[in-house]
Ligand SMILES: Cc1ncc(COP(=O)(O)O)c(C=O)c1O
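Read the single chain below, which is given as structure tokens and is the form predicted on its own.
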Amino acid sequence: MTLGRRRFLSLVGGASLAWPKAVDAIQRELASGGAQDDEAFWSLVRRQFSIPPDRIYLNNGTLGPSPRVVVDAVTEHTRLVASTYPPGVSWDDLKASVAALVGGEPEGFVFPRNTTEAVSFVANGLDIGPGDDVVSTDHEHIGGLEPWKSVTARRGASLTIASLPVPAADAGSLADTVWSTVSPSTRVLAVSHMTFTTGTVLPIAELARRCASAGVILCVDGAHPPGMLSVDLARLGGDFYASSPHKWMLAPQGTGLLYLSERWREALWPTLASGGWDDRSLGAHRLNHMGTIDESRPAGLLAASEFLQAIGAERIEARTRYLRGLLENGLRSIPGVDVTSPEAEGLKGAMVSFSLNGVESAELQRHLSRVASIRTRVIGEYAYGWMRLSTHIYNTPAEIEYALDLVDEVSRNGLSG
């Protein structure tokens, strides 16, 4: 990727592209307002998406619907390449924009396809062998856990699983629970920043401090917080942070993120080796050398990053927490609902998991989809069987209220049809 964002405006005989202008227009319109309950403001945000008005999407934790400006960026980039024009996004632009959104140093970013690939880069790039132990938890997504299973099995290392409390009570006990499984043979601690199962936020900064003192490598599966919460990777600490911008950052599918602390930018072995893989002067960027890639994906990621910054990370976090609060408080008031997400506000973000007595979550999921076109997620992994709902900036209080009414009806009358 060679051309800067500004030059991206004047390709094809002077014809300008829509998405950078659209981001600028959005930023001007969103210059004021934006309190968590400013529905006029958030209605404007909602109009940036193509979600049908009769569809309630509460599954952003799986896949975030991209705003039109992101879809336009991908489409226009693809058309440029098909017209034999060069790619329209520079690595420097992309790194600088993402760093402005989630913190960290621009030179620490690598852009694989998703969290799974990012964690695989780390697991395969470390010198792990017999006698080494990797510690993880029983609330990890397969994308954050299976790479460690594969590497430890292949190289003769061991894998230890910590059991997290449900619901979690406080950050200190969470840190102690995880740390109780760390031993002198522990080489890597691989945990989620926010669990996909219950939306529990782990005390990553504290775990990073303990890992640094003990000489343990910390690899964080951060699939969820970027784009949902205000994140500063430099302040969090740790060695590696992997994420999936196609979730809360609302970027296209096929966009991932991996942040390497300074000590690993020259030291991590590449999983994919292309030209320059052994040029240590390139730092982390040598891991971006993956052969020919679909560069419309990074174009979309850049547009998504700028779109979120036009709104503001603090605004976004306040809104998503507000909506989740409406949802969670409503669920806790429904007879028969057992909320498995933590109660302490500092331990959660914009996801809430629950079960309904006497009703299988998969059956409830089908009911909500059938009667109201509501998209949800069932946590079938580990046989937990909870339903998970996610709230993001395109959701409305009216949608939350409708979903709650339907769950309440099922709790009182059971499933029909």
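Quick note: we count residues from 1 along the sequence shown, nothing fancier. Keep in mind that this is a model prediction, so the values were computed, not measured.
The same protein also exists as the form predicted together with this ligand; that form is not shown, yet it is the one meant from here on.
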property	result
Contact residue in the predicted complex, chosen from Pro167, Gly103, Gly143, Gly330 - any heavy atom within 4.5 Å of this ligand	Gly143
Met228: touches this ligand in the predicted complex, heavy atom cutoff 4.5 angstroms	no
In the predicted complex, Thr116 touching this ligand (heavy atom, 4.5 Å)	yes
Heavy atom of Gly61 within 4.5 Å of this ligand in the predicted complex	yes
Non-hydrogen atom contact Ala251 with this ligand in the predicted complex at 4.5 angstroms	no
Per-stretch contact check against this ligand in the predicted complex, the hit in 269 to 277, 242 to 250, 341 to 349, 310 to 318 (non-hydrogen atom, 4.5 angstroms)	242 to 250
Output flag, Ser136, Trp148 and Val188 jointly within 4.5 Å of this ligand in the predicted complex, heavy atom basis	no
Residues from 203 to 236 in contact with this ligand (non-hydrogen atom within 4.5 Å) in the predicted complex	Asp221, Ala223, His224
